[in-house]
Structure formats: C-alpha cells, structure tokens
Ligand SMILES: NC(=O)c1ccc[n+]([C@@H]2O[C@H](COP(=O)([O-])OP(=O)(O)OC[C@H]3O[C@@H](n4cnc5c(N)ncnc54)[C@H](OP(=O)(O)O)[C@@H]3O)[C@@H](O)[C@H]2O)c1
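First, one chain by itself: the form predicted on its own, in structure tokens.
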Amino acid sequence: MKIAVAGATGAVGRHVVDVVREHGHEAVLLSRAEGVDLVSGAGLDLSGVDAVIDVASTSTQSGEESRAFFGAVTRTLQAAELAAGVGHHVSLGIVGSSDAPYAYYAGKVLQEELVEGGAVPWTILRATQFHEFASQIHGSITAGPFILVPKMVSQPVAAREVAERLVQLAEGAPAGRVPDLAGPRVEHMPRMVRAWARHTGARGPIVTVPAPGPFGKALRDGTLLPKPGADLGTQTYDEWLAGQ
C-alpha cells in the first residue's frame, strides 16, 4: 500500500511513518519539513495513495485558531483525496472532545464533523493524551519562578501504540467510528509532570492550579477519560518515562 501521513514529523506522526514502513508499505510524508503546506495545499500530491492518515496538529489553545487550522487542513486533504481517488481517510481524534469543545478541542470537533460529512470513506479513532503531554506542559505556563500545571485527570497512552492502531485501521476498510484507545492507567497530570522533571533534571517549583471555566472543569472531572468499551494500551506512563 501507499499510505500518506499528514503531520508526519509530529509526536505521533513520526511513529506512524515508522509503523507504515515496518509493515512493508510506502510512506508519503506530508509536512512542512517535506515541502507540503497542509493549510493551503501547496506541494500536496496524493497520486497513487491508497489511504491518508491525518495526525496533523497545531500548538494553539485558541478555539478560533484551532478551528481555522483543522478546518483548512481537513478540507484541503479531502479535496486532494477526491482528486486523486484516495479510498480511505483515517483521522485521529481526542477522547472526550465532543463533551469539552473548547480551546484546542474546538478544532478537533470541527475536524470530525467535516470528515463524517465528507465524500471520502473514513475511519475516526479517538485517543487520550499521549505520554509526551506531560513534557509539553512543563514550563508552558509560568508565574515568576513557578511552573504551573493544571489540575487534570487523564489516562495517557503511548504514541507508538496509537500509531500501530492507526496503521492497522488504514490497512483495512473504512470503518466509521471505532472504539476509543486509552492507556492502561488513570493518572494525575501534576504527578506526571513532577515525575518527568525528576527524570530529566528539569528545575523549578511545580504548582498545581485549577484551570478556569468549563474547559478547566472538564480537565478535572473525568470528562476526558475513556468510557466503557474503549480499548486499552499496555505501556504505562512510568514505563514510557523509564525508556526516555
């Protein structure tokens, strides 16, 4: 198969590319580093591609910016897929996003709506936050010498395991919404961040703060945890951290 990976150099995209190649398929890398602008479509060529796995992402926490990004990328990919006759669009969503459609998640909700309403046959896999999320949070919000970490409960999953599931889905027929994928254990984000800091030697006092508004409530109250029936990965956060 010839499988294109949108967001091929990102946290999960690089794993997807590895798995595609390990399975004996040809990987087409779609990222700015490869000369492809997924927002405008510049450099995008899906000739001969059998399936597209979309794991493209953006770093914004603005709902408006997130919707603009994911809306543009999804529409651009769908147009190119139709033109090239691609038969399968596989999209990565976030567990709980439709119950907390705020900030970054607002764009992911729009993305799913566009995929479901599009003409290209599709599969959507929702996953929980990756283990790498703790390292991304560390230092992203500060107040003087203090490193602020939102009070958050999660069930993080290994990005590699998400990649393996996405490739398996791309190899099969379009399946619509499939069971969510989460990690094996519920974790609290402050503990994860502190563990990451100890492991890497990162300095600075870490303070837990409740994020404001309905999104902050969703982070705390379990909205982003998987529901019964979700598939669970095997690698715990601590196991992943020990390998870094």
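Note that the structure is a prediction, hence the values are computed from the model and not measured. Start at 1 and count along the sequence shown; that's the residue number.
A second form of this protein, the form predicted together with the ligand, is not displayed here; the remarks below concern that form.
Participant: Looking at 78-86, 169-177, 142-150, 92-100, which lies within 4.5 angstroms of the ligand in the predicted complex, counting heavy atoms?
Facilitator: The contacting stretch here is 92-100.
Participant: Tell me, out of S135, Q129, T74, T123, which residue has a non-hydrogen atom within 4.5 angstroms of the ligand in the predicted complex.
Facilitator: Checking each option against the ligand in the predicted complex, the one that comes within 4.5 Å is Q129.
Participant: Looking at V207, A211, V39, V186, which is the one with a non-hydrogen atom within 4.5 Å of the ligand in the predicted complex?
Facilitator: It is V39.
Participant: So in the predicted complex, does A230 come within 4.5 Å of the ligand, heavy atom to heavy atom?
Facilitator: No, no contact at 4.5 Å.
Participant: Is there a non-hydrogen atom of V55 within 4.5 angstroms of a non-hydrogen atom of the ligand in the predicted complex?
Facilitator: Close contact exists here: in the predicted complex, V55 approaches the ligand to within 4.5 Å, heavy atoms only.
Participant: Any chance V12 has a heavy atom within 4.5 Å of the ligand in the predicted complex?
Facilitator: Heavy-atom contact with the ligand at 4.5 Å: present for V12.
Participant: Can you check whether K217 is within 4.5 Å of the ligand in the predicted complex, heavy atom basis?
Facilitator: Residue-level check for K217: no, no contact with the ligand.
Participant: Pull the contact list for 205-244: residues with a heavy atom within 4.5 Å of the ligand in the predicted complex, in sequence order.
Facilitator: Stretch hits: zero.
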